[in-house]
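Next up: a single chain in structure tokens, the form predicted on its own.
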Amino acid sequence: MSDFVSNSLVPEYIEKLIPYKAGKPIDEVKRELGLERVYKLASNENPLGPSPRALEALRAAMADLHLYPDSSGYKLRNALAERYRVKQENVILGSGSEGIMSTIVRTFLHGDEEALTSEGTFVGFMVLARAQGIPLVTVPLSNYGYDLEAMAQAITPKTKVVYLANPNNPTGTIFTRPAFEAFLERVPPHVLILLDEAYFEFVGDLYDYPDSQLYRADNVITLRTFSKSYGLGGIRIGYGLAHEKLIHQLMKVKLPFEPSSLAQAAGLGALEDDDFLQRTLELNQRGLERFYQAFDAARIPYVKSYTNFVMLDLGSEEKVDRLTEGLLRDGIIVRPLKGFGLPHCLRVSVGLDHENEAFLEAFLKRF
């Protein structure tokens, strides 16, 4: 049976696929190590929890759980269209931004067409492309960020989709307006740019940041999410913005009732929760500054971040593994980055003030 399954049913590219590995859950760490207190600073989750207005909307929506979701996502798509001053036809919803990524891969990538991205970026897109048997071309990072010049040079007649994350996960870096504009000029119109802006709220009003909504290029698909700044990672709700012709094709392929009615309601409530968003951004900035202060004093190399996490370059995989395991025994979960192609690096999410202090105390003691 095993030979039949591997040789006849499963394509070779699935056999070779390495799945995305999420950070360890708190309950699993408590159970494995017998700990009562565990702080999870591994998955870039919002330490304040979910948006209160999202919770209110969830409670109201629960009475209609016997009904299928609105397949068009009318209310949330309309609210997003109003916020970004576009038509509803320019908006698509999904189960997190990864849900829309999956729809994009299934819609636009076929046969021997290729996807292009950077090393040291979000592995979720890489998994989705490889799961379809799509050849994936990667370009090395430059100073922990995207090398858009090298990526432009790597585009070939087979290139169909270019994936860019800005800010980038897991390095926390951004590419600037001049770099992006120069890149746009060199991308052929038949090549789609998938621009993942999952962390864009944390960038703030930085002038040099190329907010994709300032460009509205016909071959750019923007992805954003409610998972990070609005604290809705557990319910999976994200959205995409693009030319209506691209959205029209994606709507044909996406799952009919994705996202769920609860996710749509939560997203609509969160979108109206400006107070919660402001508290999130203030807490995050305070946490980043505290991390920088401690790392500078201890002369620990880190990368300045435009997100809700900081990446440390510890020089070796052995040191990363030792510190990760040691912190785990102290009840603190951080993220080693071997799975992202950065085995010498470690990522820590910004938590509540006392969680940040607990991490720093344990980390500096073991460093």
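Just so we're clear, the structure is a prediction, and the values are computed from it rather than from any experiment. One-based numbering along the sequence shown.
Here the subject shifts to the form predicted together with a small molecule, a form of this protein not shown in this document.
- At least one heavy atom of Gly96 is located within 4.5 Å of the small molecule in the predicted complex.
- For the chain shown alone, Arg77 is not a contact residue for the small molecule in the predicted complex, no non-hydrogen atom being within 4.5 angstroms.
- When the small molecule is considered in the predicted complex, Val161 lies well away from it, no heavy atom lying within 4.5 Å.
- Proximity of Met101 to the small molecule in the predicted complex: non-hydrogen atoms within 4.5 Å are present.
- In short, of 109-117, 274-282, 248-256, 190-198 it is 190-198 that has heavy atoms within 4.5 Å of the small molecule in the predicted complex.
- The partner is absent here, but in the predicted complex a heavy atom of Asn169, alone among Asn90, Asn169, Thr222, Gln264, sits within 4.5 Å of the small molecule.
- Each of Phe122, Ser227 and Arg236 comes within 4.5 Å of the small molecule in the predicted complex, counting any heavy atom.
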